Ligand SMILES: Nc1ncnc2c1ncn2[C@@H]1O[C@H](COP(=O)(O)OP(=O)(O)OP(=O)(O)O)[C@@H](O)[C@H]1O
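Only one chain is included here, represented as structure tokens and corresponding to the form predicted on its own.
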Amino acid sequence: MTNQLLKIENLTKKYKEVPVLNQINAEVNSGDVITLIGPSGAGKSTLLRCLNLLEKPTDGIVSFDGENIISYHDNQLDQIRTEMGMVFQQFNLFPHLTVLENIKLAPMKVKNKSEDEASNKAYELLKMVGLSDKANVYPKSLSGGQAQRIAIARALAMEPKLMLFDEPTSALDPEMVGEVLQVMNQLADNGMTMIVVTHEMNFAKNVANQVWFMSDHQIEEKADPKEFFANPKTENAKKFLNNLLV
């Protein structure tokens, strides 16, 4: 039996009557690694931000763990966001805190973890992302790839059930992309449920178990990655993939 974690029904988002998301329907099961791909302006990042209600949908249902969270008030949303980790293009680390302090802040403040418990978890995560030696430095001394790995560790410190990644490598120099994708690979191997907006097609092909292709504010195709890349069904998907090869 599949363990459904997230269900999206008729999700619509409009800005001043202009649709940005149009009747999105999709499901995510525990352990799924879903890559959300498509041309710029298709609504990928907006969809991600509607899932944890950083953006308020105009209409539709987002069910997380069996509960419709659309009408949740702020306190309830804070709780939901501890269970949906989010990693952005920009790393959003607090510049005045050390790496260790960045990672342990939310578990202590939001989940009332003791300092020892939060520190132990932070060191464990630093080891996982390959940055044990950076615990006591400040973000300004990190490379982009290191900062993004710390941002991932910080999100994981809340022990989320689902991780949302919004183009996590797009602000990085090419040589740093691999080190971040390696951490994401590892998360996928460990069974973390993930939705990843990305332009990294090798990640989509080799790590995801599902590709959602977005175009014109809708999910036009949902497919197994091998099937999608070998045999896209819609004209927009064919065009998108052809443009990648040019």
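Everything numeric in this text was worked out from a predicted model, so none of it was measured. Note that residue numbering begins at 1 and tracks the sequence as displayed.
What comes next is about the form predicted in complex with this ligand, which is not displayed.
Interface residue among 210, 218, 193, 46 relative to this ligand in the predicted complex, by the heavy atom within 4.5 Å criterion: 46. Contact between residue 41 and this ligand in the predicted complex is found at the 4.5 Å heavy atom cutoff. Contact annotation: residue 167 falls within 4.5 Å of this ligand in the predicted complex, judged by heavy atom distances. Proximity of residue 20 to this ligand in the predicted complex: non-hydrogen atoms within 4.5 Å are present. Only one segment in the set 200-208, 179-187, 56-64, 33-41 has residues whose heavy atoms sit within 4.5 Å of this ligand in the predicted complex; it is 33-41.
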